[in-house]
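As a starting point, one isolated chain is supplied in structure tokens, in the form predicted alone.
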Amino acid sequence: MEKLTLEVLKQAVSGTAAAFRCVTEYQPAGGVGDKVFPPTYEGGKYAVEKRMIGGQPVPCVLLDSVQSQANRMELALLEAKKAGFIYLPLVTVRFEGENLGKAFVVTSLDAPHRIADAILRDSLLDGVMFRRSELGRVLDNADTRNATGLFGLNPTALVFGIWDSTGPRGGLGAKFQRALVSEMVGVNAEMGCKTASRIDPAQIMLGSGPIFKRNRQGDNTPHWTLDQSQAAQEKNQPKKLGKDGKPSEANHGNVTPGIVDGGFTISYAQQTTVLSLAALRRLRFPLNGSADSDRTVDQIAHVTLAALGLTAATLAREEGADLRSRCQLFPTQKFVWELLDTPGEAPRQFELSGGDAVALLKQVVSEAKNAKLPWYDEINLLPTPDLMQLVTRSQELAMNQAVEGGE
């Protein structure tokens, strides 16, 4: 099979090819017929629908959404950057300090709204609100006719899409469609059932209660008590823990085995990833404040973004498909990229390893920098005191609720 080289990529992007596509079938890691657990949404529901497969409506269940796949690909890029394999612009906010219960870092690759996220918006770059800094203002006027600033600051936003809906322009803020879309579904999905039970090793009986909410949590006492004199008061009565003071309200005692709907068996899972070259071609990259862009510079930027998308998708695929608890899948096919070019003709097929994708990305980034396109390194922001205080309070509240709830 042909290798997907830089020459192939350049010809595809500069021509009329519509997209690169990679469709891969998977089976559960436990083997054919093993059960998988898809994600649940509001109300504990699974995303189930019929799709036309082989000309017939077939029941399918969503195993990994477009948004989730995008997050996995961005995290694959982040890991590659941390390992020093790729050179990629990154905006970082560090939350650390003595008053903070848990230190953490947020970047433009793991923030929900990428460079337009409220966490970055409410942080400082060299003492100035990020969105009022010279770099942060590129979002204010970015659009498909001038994506140059965003290319240098957060190029993945041009690949995975972005909507600056929380910025100064509100709903009229910069909006770029997704050029890279990926999804995983289970085909011929049949819902099963799941069981739940708990056998208490201490064999605490229901009649050993009631238990009460303790009026004051100590370092050497649980959050509940059997002593009514130590109980919190409610309407001049000792307040029972939970609804009726059963030991199970404090997670003690047996839980009666139960059966509810849950999990699916599937014929196979299918991952479909599409990189739209048409979407990338719509973007323009004028330099030095010019109103017009240079066609050669535009094409270099398009190739760079295409290479970035292919690298993200390839690295994420090679990391495996352990989607969540009881939902690990293993590919039954090699990863093959197809180029959708000439209508009516079979697409050309290519292979691309993670190592080859990284090497390809390095080449095109070098060409982009030679063409004077911006490509920043890591930009470090500091959270504003207000944001820091909000996070600190939130962590304290979460900790207190966990203690009061005995979690």
Partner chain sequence: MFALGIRYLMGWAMAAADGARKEGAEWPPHPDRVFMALAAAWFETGEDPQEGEVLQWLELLQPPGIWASPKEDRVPTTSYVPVNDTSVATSKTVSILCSTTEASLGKLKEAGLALLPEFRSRQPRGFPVAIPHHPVVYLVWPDDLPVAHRQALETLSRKVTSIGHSASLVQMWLTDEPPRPNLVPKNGISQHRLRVFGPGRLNYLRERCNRVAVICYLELEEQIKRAKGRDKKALQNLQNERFPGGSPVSLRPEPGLWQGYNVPVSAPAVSVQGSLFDPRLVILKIAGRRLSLPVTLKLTEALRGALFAACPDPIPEWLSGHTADGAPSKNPHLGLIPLPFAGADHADGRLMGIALVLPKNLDPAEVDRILTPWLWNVETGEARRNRLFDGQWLECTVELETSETPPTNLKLETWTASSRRWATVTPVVLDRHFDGAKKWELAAESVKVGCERIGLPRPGDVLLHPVSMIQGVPRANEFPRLTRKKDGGRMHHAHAIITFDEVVQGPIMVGAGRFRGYGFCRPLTQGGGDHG
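The term rigid core refers to the maximal set of C-alpha atoms that superpose within 1.5 Å between the two forms. Note that the structure is predicted; figures quoted are calculated from it, not measured. Numbering follows the first chain given and starts at 1.
The protein also exists as the form predicted together with its partner chain; that form is not presented, and the subsequent description refers to it.
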{"item": "is_contact(S182, its partner chain) in the model of the complex, heavy atom dist at most 4.5 Å", "value": "yes"}
{"item": "Close approach of M399 to its partner chain in the model of the complex, 4.5 Å, heavy atom", "value": "no"}
{"item": "Contact flag, Q67 vs its partner chain in the model of the complex, heavy atom cut 4.5 Å", "value": "yes"}
{"item": "Interface membership of A278, its partner chain in the model of the complex, 4.5 Å heavy atom rule", "value": "yes"}
{"item": "Interface stretch in the model of the complex with its partner chain - options 162-170, 222-230, 257-265, 238-246, non-hydrogen atom within 4.5 Å", "value": "162-170"}
{"item": "In the model of the complex, the residue from N99, Q333, T195, N141 that sits within 4.5 Å of its partner chain by heavy atoms", "value": "N141"}
{"item": "Answer option from R214, R72, H252, R121, heavy atom within 4.5 Å of its partner chain in the model of the complex", "value": "R121"}
{"item": "Check all three, E25, F350 and Y376, heavy atom within 4.5 Å of its partner chain in the model of the complex", "value": "no"}
{"item": "Residues of stretch 106-137 in contact with its partner chain in the model of the complex (4.5 Å, non-hydrogen atom)", "value": "V106, P112, H113, A116, D117, A118, I119, R121, D122, R132, R137"}
{"item": "Core-superposed C-alpha of S394 shifting 2 Å or more between this form and the one not shown", "value": "yes"}
{"item": "Core-aligned C-alpha movement of M52 between this form and the one not shown, 2 Å or more", "value": "yes"}
